[in-house]
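What follows is one chain in C-alpha cells, specifically the form predicted on its own.
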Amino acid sequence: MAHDTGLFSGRPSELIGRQIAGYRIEREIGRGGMAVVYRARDLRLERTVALKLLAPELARNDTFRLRFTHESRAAAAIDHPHIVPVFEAGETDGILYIAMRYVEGRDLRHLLDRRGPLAFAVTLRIAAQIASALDAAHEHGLVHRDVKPGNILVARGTDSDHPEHAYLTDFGLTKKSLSLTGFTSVGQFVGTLDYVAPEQIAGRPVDGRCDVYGFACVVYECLTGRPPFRRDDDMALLWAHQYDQPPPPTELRPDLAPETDAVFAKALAKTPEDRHPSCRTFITALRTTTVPPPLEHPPTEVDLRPPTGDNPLKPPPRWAAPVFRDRS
C-alpha cells in the first residue's frame, strides 16, 4: 500500500473495492486504536470474511510482528463453537492482517447501547457461552486481556431454547506467555479502561484470572447498564480499578438476589488469587444466586402398585379433582 496512514486516516472509503492479500474489501465494520475491521470477500474460496488490518506502526516492530504471527496461529488452532475462527493471518506490503469468519449479527456493545440492562436469564445465556470460550483459550495458554462488549458478537441462535449464539473475538493481540504484562513491546496498552484488571494497570504478570476480572466487568454492565467504575478522567478510572470497591450490583438493580453482590465482589477482587479460578466458576456461582420459580402445583405422585379390591380405581389426586368433577 502506498500510504500507511490511509488505514487510520478517517477515510475508510479509500480502501473499499481494493484487494489486500487475496481479499476484496467491501465495507468497514469496526475500528479501534490499533486496527480496522472490514467485511471482505475471499477471492480464492468465494466466501465473506471479516478482515482485520493492524496499524502500520505495529508491523514495523520486528518483535511484535513475530509474536503476532505466532499468537495468531495459536488462536487459529482453537476449535471452539464460541470463538470466532481465524482463517488466516499474515503480512502483505507492510500490513499485518487477520482473516476471520464473518458473523452476521451485532456486538454486545451495540446490544447494550440499544436495550440497556439485559434480563438476568439473557445475561446468563450469553455469559455462559463466553465463559466457556475464555476458559478454552486459557487451556491453550492464551490470555485475551481485552474482554469487552465490543469483542463479543451476538448472532441469532438455533431455536427458542438457544435464542442467541455468542462469539468471542479479537485474539490477534493476546499474549501467549503468561509472564508478559499489559503493555505491548511498542509501548501500547492492551485493554480497555472500563474492563481492565488491576495487575494489567500495574504492569504485573497476567494469567487467565486477568480475563476473569474483565469478564466480570462485562457481566456487571449487562445486568446494571454500566461498568463497575465510572470516573471523570482516565487516571481516576485506573486508580478505581486498583483501589476502589465497585457499587454492589443490587444497589443499581434491586431485583437481583442479594447473593449476587458476593459473587461479583469475588470476581472483581483486586488480587488475582482472591478471584474465581475460571470464568465458568464465576458464572456457576452467579447462576446459583437465583431460585427456580415455584411449581403451580405439587409434583405428581404416581402410585405404581397394582390395584386391589373390588374398586381398582383410586380416587384422583387432589390437584386433579376439578378434571374429574361428577357431572350426574
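In this text, residue numbers run from 1 along the sequence as written. This is a predicted model, so every value here is computed, not measured.
Heads up, the form predicted in complex with a small molecule isn't pictured, but that's what we're talking about next.
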Listed residue (103, 257, 74, 112) with a non-hydrogen atom within 4.5 angstroms of the small molecule in the predicted bound form:
103
Contact residue in the predicted bound form, from 35, 58, 269, 263 (heavy atom within 4.5 Å of the small molecule):
35
Would 30, 84 and 150 all count as contacting the small molecule in the predicted bound form, using a 4.5 Å heavy atom cut-off?
yes
Partner absent here, but in the predicted bound form, which of 93-101, 133-141, 193-201, 224-232 has residues with a heavy atom within 4.5 Å of the small molecule?
93-101
